[in-house]
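Below, in structure tokens: the form predicted alone, a single chain.
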């Protein structure tokens, strides 16, 4: 067992817990309609407006800071509230090709096809299972005590800073599983198609942001080039911090593969809940985070439109209270401090501890 989970449920409790959460999901699915479609179309319209404004303002040198700000907002909206959520299939029911998970491509280095496999399937199926969920440390960082410590991890803070700065590149390269290649558990032949998709997407994105649009501004090329660099950096830093605050603050649990064998639906919900954390804040912050500030609700219901997460959060909290389960949430600064503390702690070798008997999860099924 990876972590001693103090809030265990009996098999009967897990079953009813799962049924209650299933009922929320079915109710929201039955209620999807015009309001949801109008919302995502408004967000797309706003995102395109910010992009056009940003590109246009690069022609006016004194407005460079405004151009960068507008382009940064555009890229954040495209990646967070639109791209991430559309590629989860949250709007497939609309029948709109531009908002279909199978056809959507976002404004970042990571090819959508690669990302959907690594994120939608691997991460959301095996959330916080050490050895299965590659988002625990992204193959770069040590983010859990059950990851074996090596001197390499002394660089944890530096690696985290570099990953934050170049986050879109980290996400793009994630599916190559370079650490597995180095360890000899994966071959380059297995990566051929994945690498080809990455190369095509990187070539396209690099040309668009660092050649085409700067060239269109003629003598202002250096300013426009720099503006695109800064806008991508702003998006990278924001996305990294939102995602890490939803997955790695203090109190977020991890699981072993043995705990999750023959997992029931109720335990899958239990694992998603304990393996997630929310960020409190304003409505604007929630929109700019793609509502991943409600990471708990997202992990519970990844295929529901993210705009619905705030309205069901209170109900999820109430269910947690009745089952005596934690609902991990806090303001951005608190969650960031918690994540930063973990990054530094995990850089150091584990302290030797006196062995203590661990209470078995007798009432939790093997799936727990």
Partner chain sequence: MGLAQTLLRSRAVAALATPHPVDRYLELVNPMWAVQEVRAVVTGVRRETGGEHPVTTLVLQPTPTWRGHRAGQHVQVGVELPGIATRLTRVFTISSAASAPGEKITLTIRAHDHRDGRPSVSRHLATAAEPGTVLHLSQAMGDFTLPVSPATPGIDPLLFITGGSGITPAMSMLRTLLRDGYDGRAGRPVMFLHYARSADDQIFAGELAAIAAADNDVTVHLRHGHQLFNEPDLRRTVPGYRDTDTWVCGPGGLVDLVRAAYPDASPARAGRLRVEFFKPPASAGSGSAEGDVTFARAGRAAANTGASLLEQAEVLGLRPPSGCRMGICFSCTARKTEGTVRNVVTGVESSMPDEDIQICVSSPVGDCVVDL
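Bear in mind that the values here come from a model prediction, so they are computed numbers and not experimental data. Residue numbers count along the first chain shown, from 1.
Below: the form predicted in complex with the partner chain, not depicted.
Fill in: in the predicted complex, the residue from 104, 138, 159, 238 that sits within 4.5 Å of the partner chain by heavy atoms
Going through each option in turn, the one that passes is 104.
Worksheet entry | Listed residue that, although the partner chain is not shown, lies within 4.5 Å of it in the predicted complex (heavy atoms), from 96, 146, 179, 190 | If I apply the 4.5 Å criterion carefully, the residue I get is 96.
Worksheet item: Check 29, 125 and 303: does every one of them have a heavy atom within 4.5 Å of the partner chain in the predicted complex?
Response: Spot residues vs the partner chain: full contact, yes.
Worksheet item: Just to confirm, residue 213 within 4.5 Å of the partner chain in the predicted complex by heavy atoms?
Response: Answer yes; at least one heavy atom of residue 213 falls within 4.5 Å of the partner chain in the predicted complex.
Fill in: Heavy atom of residue 134 within 4.5 Å of the partner chain in the predicted complex
Residue 134 lies outside the contact set for the partner chain.
Worksheet item: Is the gap between residue 34 and the partner chain in the predicted complex 4.5 Å or less for some heavy atom pair?
Response: Although the partner chain is absent here, residue 34 would touch it in the predicted complex, with heavy atoms inside 4.5 Å.
Worksheet item: So in the predicted complex, does residue 174 come within 4.5 Å of the partner chain, heavy atom to heavy atom?
Response: No, residue 174 is distant from the partner.
Discussion item. I need the one stretch from 277-285, 241-249, 220-228, 84-92 whose residues put non-hydrogen atoms within 4.5 angstroms of the partner chain in the predicted complex.
Written reply: Result of the contact check: 84-92.
Practice prompt. Heavy atoms within 4.5 Å of the partner chain in the predicted complex is the criterion; list the residues of 33-61 that meet it.
Written response: 33, 34, 37, 41, 45, 48, 51 sit within 4.5 Å of the partner.
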